[in-house]
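Here you get one chain, nothing else, as structure tokens; it is the form predicted on its own.
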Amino acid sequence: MTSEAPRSPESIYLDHAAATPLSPEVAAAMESVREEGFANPSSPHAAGRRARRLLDDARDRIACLVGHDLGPGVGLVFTSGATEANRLGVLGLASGSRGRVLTSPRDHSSLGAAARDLAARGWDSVLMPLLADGTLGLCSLPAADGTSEIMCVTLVCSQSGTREDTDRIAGWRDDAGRDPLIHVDATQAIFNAEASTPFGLPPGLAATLALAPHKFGGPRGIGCLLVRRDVALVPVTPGTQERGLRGGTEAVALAVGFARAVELAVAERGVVARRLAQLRDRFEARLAGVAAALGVAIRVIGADAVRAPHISTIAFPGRDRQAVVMATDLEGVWCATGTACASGSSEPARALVAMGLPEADVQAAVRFSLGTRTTAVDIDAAVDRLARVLSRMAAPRDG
């Protein structure tokens, strides 16, 4: 009896950098506390105390699993997502009346918005340049003037997939005699097979770190900010909850789901990272082959740089990136022109512009991002459908 070949899926989701499906294990964990943890965890009665125990257990599990990168005794503040965590991380570190805040085109728009808010309060806002490989151009930064300094570091650029070299940042900090408070956005960075800790940060580098589970099979509507033990944080939304650092009733079931998603991601990150890198390489190699056969030149952005395993940004020079995404959507392949938060913008990805890429590549760049459920069958089917899209776009027009 011969085995039947796997069937091509009707739709292929390659936008996991924007959001991932909820893991069944995470959904089960959340459902298991639906009745037990419904109460307000600030309430003093027995139901409230049960909810508080579930919340604190989730907090401790997350901090234990990913807090190594910030050192012992790390604190954790639950937020509504990575956007709020980024905002709290930057504005919460800005205790003085003035200073300097450093951001880059790699960063999520929430970090740029926080920097603009500080600029309105009298802070100097400096946009750090990017090198050709997409990492920070540190040597060109002006010298510090002795005031407070906050530096934003995005570990994995969601626009290009390139991974920041944090060892180089630590060396620059030490050589330059600077001591900025560094806020790390680790939202896209949990699948890392190389480091001994989840994010591979040098000891003492990060003051704060933002994370959200909807990028790795967890629920939406929750995130967290990890805070190094020796760092003082000013609340942005005051309240009695979260040790006075973030007001608002905590979502217990979401916190439990968050913890379960982190447990799964950390336990499997090496295996998953290697599998995703293999699938990404398969996708890029097969797509390059079919494109070449059609006489279409494509370029993999950051191909020679250190990249996250799940993101592949590909330029189709001569083709409009939005037209490519619309055509692939009609073929049942779901991808993106950049970050989901900027999906309504007609502007190209800021990081790609800052990397000094040719204009034709910047205007034609499309992001494909893989997840734990992505299979080789998905990859091969996606390439076959993209081949049809490229064939139509490459066909000569009458008249």
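One-based numbering along the sequence shown. Being a predicted model, the structure only gives us computed values, none of them experimental.
As for the form predicted in complex with a small molecule, it is not shown, yet the points below apply to it.
K.L.:
Examine residue 162 and determine whether its closest non-hydrogen atom to the small molecule in the model of the complex is within 4.5 angstroms.
P.N.:
Taking the distances in the model of the complex, the answer for residue 162 is no, it never comes within 4.5 Å of the small molecule.
K.L.:
Examine residue 187 and determine whether its closest non-hydrogen atom to the small molecule in the model of the complex is within 4.5 angstroms.
P.N.:
Yes, residue 187 lies within 4.5 Å of the small molecule in the model of the complex.
K.L.:
Indicate whether the small molecule has at least one heavy atom within 4.5 Å of a heavy atom of residue 108 in the model of the complex.
P.N.:
Flag for residue 108 set to yes.
K.L.:
Can you work out whether residue 100 and the small molecule are in contact in the model of the complex, taking contact to mean some heavy atom pair no more than 4.5 Å apart?
P.N.:
Because no heavy atom of residue 100 falls inside 4.5 Å of the small molecule in the model of the complex, the answer is no.
K.L.:
Tell me the stretch among 255-263, 135-143, 79-87, 113-121 that has any heavy atom within 4.5 angstroms of the small molecule in the model of the complex.
P.N.:
It is 79-87 that comes within 4.5 Å of the partner.
K.L.:
Can you pick out, from 104, 208, 312, 158, the residue that has a heavy atom within 4.5 Å of the small molecule in the model of the complex?
P.N.:
Of the candidates 104, 208, 312, 158, 158 is the one lying within 4.5 Å of the small molecule in the model of the complex.
K.L.:
Looking at 212, 201, 151, 301 here, can you tell me which has any non-hydrogen atom within 4.5 angstroms of the small molecule in the model of the complex?
P.N.:
In short, 212.
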